[in-house]
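Consider the single chain below, provided in structure tokens and representing the form predicted alone.
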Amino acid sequence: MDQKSLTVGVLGPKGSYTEQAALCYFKDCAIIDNYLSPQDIIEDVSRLVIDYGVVPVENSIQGGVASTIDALIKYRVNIVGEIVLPINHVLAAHPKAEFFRRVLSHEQALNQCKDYLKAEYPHCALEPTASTSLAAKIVSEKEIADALVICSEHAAKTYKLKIIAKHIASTNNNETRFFVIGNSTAKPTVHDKTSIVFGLIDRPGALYDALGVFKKYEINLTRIESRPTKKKLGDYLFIIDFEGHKDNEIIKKALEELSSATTFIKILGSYGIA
């Protein structure tokens, strides 16, 4: 399919890191940037409203994105790809700005850049917004001349803000992993990863037995996370990423054996990795 005809849902507004990830993956597509949550994107993919969605699933500093995981468990969609995007915050402002009284950005970005702000702009009040790109949009469209913005360079250029400083975060290893969500199944590649979710019987050693299946078949786990079932306190589901494609014979055997040690298994998708 011609990528230009594809509709891809991302977290908005225009200029978001999610949009940047989508453009890295699809190169050329019709971006739908009016989504406020990963669940809304994943739901619209499941309803065939859009062809694909790009959603954040994990950040190297903040950890997993719970709303994405919960929606993947809830809706019948497939993970068909992933993008790992370096998160490089910049400090920007309206071109007419000459003095600053406040800093607008997402709460996480404000926290990730707090050392820089404390050293360079200790007098500025911090004003959280729903996203970094929304902060850039507000300052640009309202021509706010007394505010700084923490956002991506992509957002600063999108809204024609002047960049004052780059790489202002306290850590240099800030990366976000995004899933590409669709209704198709990705074919095996040279390097693949599979994501699954499963439940366990409440008994001693249940998780140990489940994980032992991966050791038996020498399958490398790359991530494990638990999420509450929302049924009762202490009842959890486990989300696991591991190397290999679900159509590989060894993976098939492992998943078949895993089914005997779990109450249910849902394959969230197999997808190629860079």
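Just count from 1 along the sequence shown to find any residue number. The structure displayed is predicted, hence computed values, not measured ones.
The discussion below concerns the form predicted in complex with another copy of the chain, not included here.
Enquirer: Please tell me whether any heavy atom belonging to L48 falls inside 4.5 Å of a heavy atom of another copy of the chain, as the geometry stands in the predicted complex.
Expert: Contact with another copy of the chain, no.
Enquirer: Taking heavy atoms only, is E58 within 4.5 angstroms of another copy of the chain in the predicted complex?
Expert: Within the cut-off, so yes.
Enquirer: Contact between F238 and another copy of the chain in the predicted complex at 4.5 Å, heavy atoms?
Expert: Answer yes; at least one heavy atom of F238 falls within 4.5 Å of another copy of the chain in the predicted complex.
Enquirer: Against another copy of the chain in the predicted complex, would P204 count as a contact residue? Criterion: heavy atoms within 4.5 Å.
Expert: Residue-level check for P204: yes, a contact with another copy of the chain.
Enquirer: Could you work out which of D247, D33, E243, D209 is the residue within 4.5 angstroms of another copy of the chain in the predicted complex, going by heavy atoms?
Expert: Of the listed residues, the single hit is D209.
Enquirer: Only one of H106, H94, K137, R177 gets a heavy atom within 4.5 Å of another copy of the chain in the predicted complex. Which one?
Expert: If I apply the 4.5 Å criterion carefully, the residue I get is R177.
Enquirer: Just one of 97-105, 118-126, 168-176, 146-154 has residues with a heavy atom within 4.5 Å of another copy of the chain in the predicted complex, so point it out.
Expert: Only one stretch qualifies here: 168-176.
Enquirer: Any residue of 123-148 with a heavy atom within 4.5 Å of another copy of the chain in the predicted complex counts; write them all down in order.
Expert: Heavy-atom contacts within 4.5 Å come from no residue here.
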